[in-house]
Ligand SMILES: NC(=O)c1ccc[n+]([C@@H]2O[C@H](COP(=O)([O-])OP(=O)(O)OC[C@H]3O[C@@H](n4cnc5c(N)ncnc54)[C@H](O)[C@@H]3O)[C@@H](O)[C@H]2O)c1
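Consider the single chain below, provided in structure tokens and representing the form predicted alone.
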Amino acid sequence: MANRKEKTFRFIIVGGGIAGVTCVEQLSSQIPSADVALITASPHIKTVTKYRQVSKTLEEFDVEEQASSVLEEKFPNLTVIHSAVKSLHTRSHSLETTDGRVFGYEKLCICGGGRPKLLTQENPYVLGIRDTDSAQELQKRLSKAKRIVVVGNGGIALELVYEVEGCEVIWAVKDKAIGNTFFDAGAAQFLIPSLEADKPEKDAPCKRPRYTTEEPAPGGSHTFTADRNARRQGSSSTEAGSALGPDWHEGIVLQGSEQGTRRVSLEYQCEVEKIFTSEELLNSPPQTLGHENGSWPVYIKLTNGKTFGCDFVVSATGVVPNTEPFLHGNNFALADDGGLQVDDHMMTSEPDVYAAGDVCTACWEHSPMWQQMRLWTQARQMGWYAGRCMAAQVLSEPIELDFCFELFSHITKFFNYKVVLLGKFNGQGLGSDHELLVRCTKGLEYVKVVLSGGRMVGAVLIGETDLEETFENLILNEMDLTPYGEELLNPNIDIEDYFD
């Protein structure tokens, strides 16, 4: 096989999502003379635009879908290869694409993203949302629907349930509260009234570019904003189409066939037991039906014993690392979550192979205030850092673990509120050894601080609190806050003045 290599590149990056593109940009600017190839199945790539450093660790940016030629014009040393990867041969340092070509590499970075964990494969009544095409399909099917069931508790599910109108939504959540990847039951209670209230009228001109589902004009771009949703669906290398971002519903009318506003019913602490069609239902024992009557195209039975009929089911249950094409015949160490294990230089267990973004799992000893979550912010940070590490090795320069891995930080938006997450915002890994301080003003803001041993180790800020920079500093400085006690969140004290 080795003798069939079409060309050998110094660096090959696989995946046209945020991690892959950021890695390419970083490498190309560090070593402008190096031959770099980007292998991507999709004709469009994701690029970071309007990047803004909000504080030491917090960042906001938009994500734009652009033609890959934009990247090639920017970096003359770059070749974009439009194909999926069929197989990787780490011993001969080569990979084969699905169209039968073979390329050699000196250093490789796998940025294959994640693929959606679908409730069930090949069921026409189950729609997994992961990219622009599935979002369009959702819009089309929703226009005729009277009732849908949404399964999942991540960012996509939260956004979807909030946006759908004119259609009854049954929302099945496996946890005790909504959105528990991002916040606790208190924050969920703060947000729940937004599902009952009428949505605020959209401000006339949308400040961010709308995400359109028409094909862009030549040279144009699809745009959707990325400082938003914490979870997103990654791109699978077997199918084209890259991760959906936050704001993915902007400009898509999520309107059912009924008049009127939202009707959302929540089913907590349950998962899907079975999905069946009306024909299968007729042939099954009568007790299966539970309280459901009428005739629906599909029925879903939950583990709480309830059965609901609906027009279709939306599967929004997160992603799994998309390692599929890379494992066969190689010896990658995998983490418990199925990701490629990487060390603090983003290297996998195979020589000269790096990985970044959703496909990998950070297996170095983490800073006490950081954890991995498969988010757009981390895809960008990992891609950037992997590019730096690859360049540093080629240039024989030392490199330190980047500061962005010191403190977990994320800005997003749910139900029209700004949401900032810092550190161990949900008390992750702290056991019972922590206390919470909470300040909540209904409809306005929700502030939660996680303290351990008198020091702030995490925070959730919902609304325009303006506390993110102060709290970030308090966490990083490990200041003893015991003397302040409850006063820390006293709304009459301007806390910034204390800690300048």
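Not measured: the values here are computed from a predicted model. Heads up: residue numbers just count along the shown sequence, starting at 1.
The following text describes the form predicted together with the ligand, which does not appear among the structures shown.
For this ligand-free form, the site is classified blocked because the ligand, superimposed from its arrangement in the predicted complex, has three or more atoms within 2.4 Å of the backbone and C-beta atoms.
Using a 4.5 Å heavy atom cutoff, E159, E271 and L375 all lie near the ligand in the predicted complex. Note on the partner interface in the predicted complex: the residue among K174, R263, R101, R141 having a heavy atom within 4.5 angstroms of the ligand is K174. Of the residues given (K117, H366, H345, K418), K117 alone sits with a heavy atom within 4.5 Å of the ligand in the predicted complex.
The chain is drawn here without the ligand; in the predicted complex, the stretch among 275-283, 385-393, 314-322, 337-345 whose residues come within 4.5 Å of it by any heavy atom is 314-322. With a 4.5 Å cutoff on heavy atoms, Q189 does not count as touching the ligand in the predicted complex; it lies far away. At a distance threshold of 4.5 angstroms between non-hydrogen atoms, L407 is out of contact with the ligand in the predicted complex. Although the partner is absent from this view, Y299 stays clear of the ligand in the predicted complex, with no non-hydrogen atom inside 4.5 angstroms.
Within this chain, G154 lines the site of the ligand in the predicted complex, having a heavy atom no more than 4.5 Å away.
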